[in-house]
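Below you will find one chain, with nothing else, as structure tokens; this is the form predicted alone, and questions on how it binds or moves follow later.
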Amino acid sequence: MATTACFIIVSRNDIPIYEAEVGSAVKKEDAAHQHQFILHAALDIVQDLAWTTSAMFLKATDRFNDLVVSVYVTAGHILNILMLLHDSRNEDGIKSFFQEVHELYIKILLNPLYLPGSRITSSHFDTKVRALARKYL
């Protein structure tokens, strides 16, 4: 079954620092822009919801047709928000994906050459995220 998935990491200033279309569905030209729009529209809901719970994995926070926005908020809600737009129902896999990508992101932050809040351009990071998406999503 082909899945649609778009993953994004948003900095605390609501600036996307990493984006990837990680689904196995056939890519349409307009789909990438639509996915970005849906994820950015869900940011307000996520920011309000993040302060009402102590959970890091917020599960399905928003829906658009058959697509679901799942969110993982970093500890203390101060660093970043990891968002995934998907059409699958595998919550355990999505949670594991978020946890492992969060570990990868922490490794990026520990790099003395990385400026926090800037775009993540590492091809190694991109390869690992895509491998985790294939594994869990």
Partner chain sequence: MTNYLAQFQAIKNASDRIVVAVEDVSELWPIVKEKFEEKLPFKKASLNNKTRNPVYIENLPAEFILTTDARLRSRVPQELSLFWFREPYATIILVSCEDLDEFKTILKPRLKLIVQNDEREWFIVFVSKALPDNDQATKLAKKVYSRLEVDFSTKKRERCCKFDLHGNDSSFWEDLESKIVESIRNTLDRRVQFYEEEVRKLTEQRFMPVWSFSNFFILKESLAFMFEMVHLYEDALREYDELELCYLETVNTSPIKQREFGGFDHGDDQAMLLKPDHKPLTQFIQNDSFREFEFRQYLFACQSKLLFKLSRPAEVSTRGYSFIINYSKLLASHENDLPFCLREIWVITACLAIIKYTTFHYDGGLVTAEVEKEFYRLQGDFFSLSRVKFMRLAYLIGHGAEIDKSPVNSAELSMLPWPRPAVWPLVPPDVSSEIFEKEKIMLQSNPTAEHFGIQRKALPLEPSSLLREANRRRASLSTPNLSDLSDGRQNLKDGSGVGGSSRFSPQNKERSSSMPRTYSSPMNIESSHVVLDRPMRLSEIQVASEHALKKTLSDPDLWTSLSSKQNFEKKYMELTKGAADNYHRSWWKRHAVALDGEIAAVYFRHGDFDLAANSYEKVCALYAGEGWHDLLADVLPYLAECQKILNDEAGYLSSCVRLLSMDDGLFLTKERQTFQSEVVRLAHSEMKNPVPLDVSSLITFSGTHGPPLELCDGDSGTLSVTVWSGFPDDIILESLNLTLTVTFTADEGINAIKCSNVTILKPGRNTIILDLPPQQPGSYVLGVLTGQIGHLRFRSHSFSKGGPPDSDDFMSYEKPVKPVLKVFKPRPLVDISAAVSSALLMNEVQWVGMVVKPINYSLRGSILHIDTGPELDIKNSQMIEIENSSVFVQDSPNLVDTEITRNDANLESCGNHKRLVLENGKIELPDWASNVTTIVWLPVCATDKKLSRGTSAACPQRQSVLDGMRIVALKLEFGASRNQKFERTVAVHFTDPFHISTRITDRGNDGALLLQVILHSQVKATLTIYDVWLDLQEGFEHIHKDSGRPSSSFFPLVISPSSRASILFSICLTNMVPGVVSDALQSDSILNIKYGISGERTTGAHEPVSESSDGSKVELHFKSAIFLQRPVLDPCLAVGFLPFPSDCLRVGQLVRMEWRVERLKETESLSSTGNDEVLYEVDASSENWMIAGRKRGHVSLCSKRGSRIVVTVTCIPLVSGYVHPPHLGLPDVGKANIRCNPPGPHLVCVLPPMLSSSYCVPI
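Residue numbers count along the first chain shown, from 1. Model, not experiment: these values are computed from the prediction.
Below, we turn to the form predicted in complex with its partner chain, even though it does not appear here.
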My question is simply whether residue 37 lines the interface with its partner chain in the model of the complex - judged by any non-hydrogen atom within 4.5 Å.
yes
With the partner left out of view, is residue 13 within 4.5 angstroms of its partner chain in the model of the complex by any non-hydrogen atom?
yes
Quick check on residue 65: any heavy atom within 4.5 Å of its partner chain in the model of the complex?
yes
Partner proximity in the model of the complex: residue 74 to its partner chain, non-hydrogen atom cutoff 4.5 Å:
no
Within 4.5 Å of its partner chain in the model of the complex, which residues of 102 to 132 have a heavy atom? Give them in sequence order, or say none.
115, 116, 117, 118, 119
